[in-house]
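Given next, in structure tokens, is a single chain: the form predicted on its own.
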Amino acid sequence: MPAWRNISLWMDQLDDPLMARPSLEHDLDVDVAIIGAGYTGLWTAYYLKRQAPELKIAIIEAQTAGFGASGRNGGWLMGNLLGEDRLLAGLALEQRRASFDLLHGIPDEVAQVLAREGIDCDYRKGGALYCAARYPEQEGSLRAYLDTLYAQGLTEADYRWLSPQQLAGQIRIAKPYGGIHAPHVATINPAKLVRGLARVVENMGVPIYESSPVTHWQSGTVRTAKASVRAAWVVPAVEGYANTLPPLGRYQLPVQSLIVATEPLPASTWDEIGLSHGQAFGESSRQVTYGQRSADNRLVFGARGGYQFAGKLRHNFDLTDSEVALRRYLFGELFPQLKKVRITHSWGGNLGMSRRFRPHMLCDHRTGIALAGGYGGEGVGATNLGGRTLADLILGRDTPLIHQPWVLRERGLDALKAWEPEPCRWLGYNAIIRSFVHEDQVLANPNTAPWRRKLAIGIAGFMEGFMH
């Protein structure tokens, strides 16, 4: 039996014995074949069955439900979509507001499913705190971001500025310059959600075949080493593992996210830190950091990540001493009292990144292929939207979900933007990341000359713009 429990803190906390479901041993004829028992595949199956119980659906999974990003992420259930500001910028004000409301409603939609289906995944909707927490320039960049959001029609009900004093009412960090509170975010144990969804869709009549890697797929057919599945619809729901199913790897690259978790911390320590309502938090540098207080009072903290040449998957997520030390340093900058705390878990995962950092939900009735992906690390919530949207597209339902700018209706894979060939991707990634690291090092040093600070910001900003 594979050591699936060692995938992450979240999988380690499951009561589930993690016994493998039966593999696919015989040929099938179904209406919908879904590749991957992660969030996208499970949500798609769930909403299809809710709306069309007569459909025959099968899910084929290479490992076990939650093996991929669904069981490894940081546990942020966000009412957002990567690049939403750019995606919605061209819409009329009323339509843009409706689209923002659709996104912001994702955590509440998930909460309704949890209540209806009896899934306990430690759901707490405390919002997210985006903190200016390490150097003063972060305050300026956060305020500029907030101004951009307000210019798009959002209000303080969506994103609200917190002064250092107001921020301290929710989180107490070493150098508070202020921050933004966004209410449309919940924190969860993501493994409990994905395993709970798997049980629910099974009870709805959807078989999940595990330990069954797909060796070939095309319109109408999915093949494993032992059997074939014929289907009117094929839904490759593999996100960070797209390069295992050519030609998807041209459009979606795996990048890695790395996370650590401390031992459970005493109530006295949390009295010093805050985060008493399940808030998520991050500090506002260009390289993403993210954290939460787990239900059993650990600090779960992720930061930065990596990209391997030629878009290779990372399989070994036993973090090195230096990888753990960097994350310890970063959360120690925020909470000095935790600099020597014991870290009990460290892990990582592969997530999918699309070109121009644009998520997509695609459906082509001519070929019977539907897919969603490119969530860029924000997939815990976005997959719910993706599953709902794919269900409506496959069933031909005319709803607001299918009229969003991230939806590609009646278009094939060629509608997606392909990544450049190597070594362009590798060189570009490293140039961009080095500019971010340089900026962070320069700004974190209070003795750096003003001209050097401005230069570092300018170079990093130029490189960030180049990414899009």
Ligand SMILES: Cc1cc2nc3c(=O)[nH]c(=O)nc-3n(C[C@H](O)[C@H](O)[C@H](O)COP(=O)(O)OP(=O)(O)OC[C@H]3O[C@@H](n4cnc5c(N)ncnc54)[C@H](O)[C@@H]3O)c2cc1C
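Note that the coordinates shown come from a computational prediction; the quantities given were computed from them, not determined experimentally. Note that residue numbering follows the sequence shown and begins at 1.
The same protein has a further form, the form predicted in complex with the ligand, not shown here; the description that follows concerns it.
The ligand is not shown here, but in the predicted bound form it comes within 4.5 Å of a heavy atom of residue 37. The ligand in the predicted bound form comes within 4.5 Å of a heavy atom belonging to residue 257. In the predicted bound form, at least one heavy atom of residue 244 sits within 4.5 Å of the ligand. Using a 4.5 angstroms threshold between heavy atoms, residue 137 stays clear of the ligand in the predicted bound form. Stretch 73-81 is the contacting one of 73-81, 356-364, 137-145, 336-344, since its residues have non-hydrogen atoms within 4.5 Å of the ligand in the predicted bound form. For the candidate set 311, 368, 377, 127, a heavy atom within 4.5 Å of the ligand in the predicted bound form is found for exactly one residue, namely 377. The partner is absent here, but in the predicted bound form a heavy atom of 238, alone among 191, 393, 238, 201, sits within 4.5 Å of the ligand. Judged against the ligand in the predicted bound form with a 4.5 angstroms heavy atom cut-off, the residues 64, 213 and 290 are in contact without exception.
Of the residues in 172-199, none comes within 4.5 Å of the ligand in the predicted bound form through any heavy atom.
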